[in-house]
Structure formats: C-alpha cells, structure tokens
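Taking the form predicted on its own, here's one chain by itself in structure tokens.
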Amino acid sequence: MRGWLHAWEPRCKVAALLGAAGGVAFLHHWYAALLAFALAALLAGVSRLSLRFVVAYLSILTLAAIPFVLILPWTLRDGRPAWVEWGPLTFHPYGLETGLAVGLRLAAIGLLALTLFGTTPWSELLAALHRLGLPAALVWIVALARQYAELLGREFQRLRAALRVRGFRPRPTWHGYRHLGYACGALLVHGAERAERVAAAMRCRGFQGRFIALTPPRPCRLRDLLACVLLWLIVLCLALWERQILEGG
C-alpha cells in the first residue's frame, strides 16, 4: 500500500529530505543526533518500506560507523575525567559521545536518503532534480551511476569467481593484498573502457548533454509546501536546541 510520502510532490520531497539531511550533517551533540535519527526512522516507517530492506541498510551503516565509535573514545577528550585508564590509553566520555553522534548522523542521513529513493520513481526523481536547478551534467551523472552500479557489481562477481577458480582465497597476507589490488585495478580499467564505449554510443545517437524529463511535472499543492517547510523547521529547532545545550554545558 502506498503511503502519503509516495503522493508528495517530487520537487518538494527532494528539497525537504535533502535539506533535512544537510541540516542533520551539521549536528554535533548526540542528543540532537538521536532525535534526528528518530525523525528519520519515523519517516522511513511512514513510507511503508520493506522492513527487511531497511534493517539490512541500517546494518551496513552501522558497520561504517563502528570505527568512529571504537576509536574516538580513546582519542578525543574534554575537561571531564576519563572513565577508564589502561596504561597510556584513556577512555573519555566526550570521545564516546562524539562517536555516537557520528554514527547516529550517518544512520539518520542514510534513512532520509532511503526514504527519498524508496518513495520516488527514478524518472520522477531525476526530473525533480533537474527542475530544482541541478545542472544537466550532474543529473546525467546520477542517472548513469545508478544504472551502471549494478553492472559493475556483476563485473566484480565475475572477477571474484575467476580468482576462486584459480585457487585464490582472500587472506591478510602480502600475496592476498597484491592480488586484490590487481582485481580492483582490472575492475577500474574495465569500467573506464565501458564508460568510453557508452559515451561514444551516446554521441552517435546525438547526445549533447541536455536532460529532457519524460515525466510531466505534478502540481505543487499547498500541503506539499507546508510539509517541506515543517520538516525544515523541525531540523532547525534541533540545531537551535543543540546550540543551547552546547552553550549551557
């Protein structure tokens, strides 16, 4: 069943969610980042996306945030005493809070992007980006990146299968790192060659860099604009509340 986010006018939706993601990126305190994550999770839930897909996506973001949570508590400090002292290493609450803030911001921005991509057809999303003033070259980069990411993934799987057939197993040794470097280099070379062929084919078909939207624009209703402004105001309130916390703490 389609939710109200699917019916949101694409230009207002893109402006609202991308603007909210940009505002979340500037939050520093983990309290504000936690509330931003809760807001993003609420939007993802309202969008009625697949729960399994959302959980898998969050797992990937969690893995990306783990290095910050593990390293920053041992490297960043403020005036508060350390929680743990182990020889030359000290575990500081400020570093832990900073690591949590980074992880929560990453998860919140990822959920906002997931909500945008999951509730907007790809053709409407590209058309909305172009109508909002994004240069045609950048719109084409976004379109081609999405189209050929899966192709590069299949190419990587073929390279991986070829290595396994030849008896290679990835291990943390100089031999393993060298062959993985060869495989990544071959993937980049194949990708560059394919990009040149695609560019030549597009020029042969008269491509001149202009982006022509194939979907007609939807009418922008008052409630679409109000929803966009409301989301911006919520993120702005989070930023102002965070500023009060930082000034008072």
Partner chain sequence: MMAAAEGGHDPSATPATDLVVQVRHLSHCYRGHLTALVDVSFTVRANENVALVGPNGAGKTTLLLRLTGILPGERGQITVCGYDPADPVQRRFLPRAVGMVFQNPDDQLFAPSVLEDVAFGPLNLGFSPEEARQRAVAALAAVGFPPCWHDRPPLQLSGGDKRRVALAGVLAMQPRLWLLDEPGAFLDPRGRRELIRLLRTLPQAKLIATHDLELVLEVCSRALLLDAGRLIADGPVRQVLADAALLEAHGLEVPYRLGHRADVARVITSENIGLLPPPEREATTSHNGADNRSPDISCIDVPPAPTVPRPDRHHPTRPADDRDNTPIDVTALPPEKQP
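Treat the numbers as computed from the prediction; the structure is a model and nothing was measured. Residue numbers count along the first chain shown, from 1.
One more form of this protein should be noted, the form predicted together with the partner chain, which is absent from this view; the next part is about it.
- Of the listed positions (L188, L42, A201, V55), a single one reaches within 4.5 angstroms of the partner chain by any non-hydrogen atom in the model of the complex, namely A201.
- Proximity to the partner chain in the model of the complex, defined as a heavy atom within 4.5 Å, singles out one entry of C184, I212, L222, I60, which is I212.
- Contact annotation: E150 falls within 4.5 Å of the partner chain in the model of the complex, judged by heavy atom distances.
- Not displayed here, the partner chain is kept clear of F26 by more than 4.5 Å at the level of heavy atoms in the model of the complex.
- Among residues of the shown chain, Q208 is one whose heavy atoms approach the partner chain to within 4.5 Å in the model of the complex.
- W83 falls outside the set of residues with a heavy atom inside 4.5 Å of the partner chain in the model of the complex.
- Figure note: of the listed segments 64-72, 213-221, 34-42, 47-55, the one touching the partner chain in the model of the complex, with heavy atoms no more than 4.5 Å away, is 213-221.
- Residues W122, S123 are the ones in 121-137 with at least one heavy atom within 4.5 Å of the partner chain in the model of the complex, listed in sequence order.
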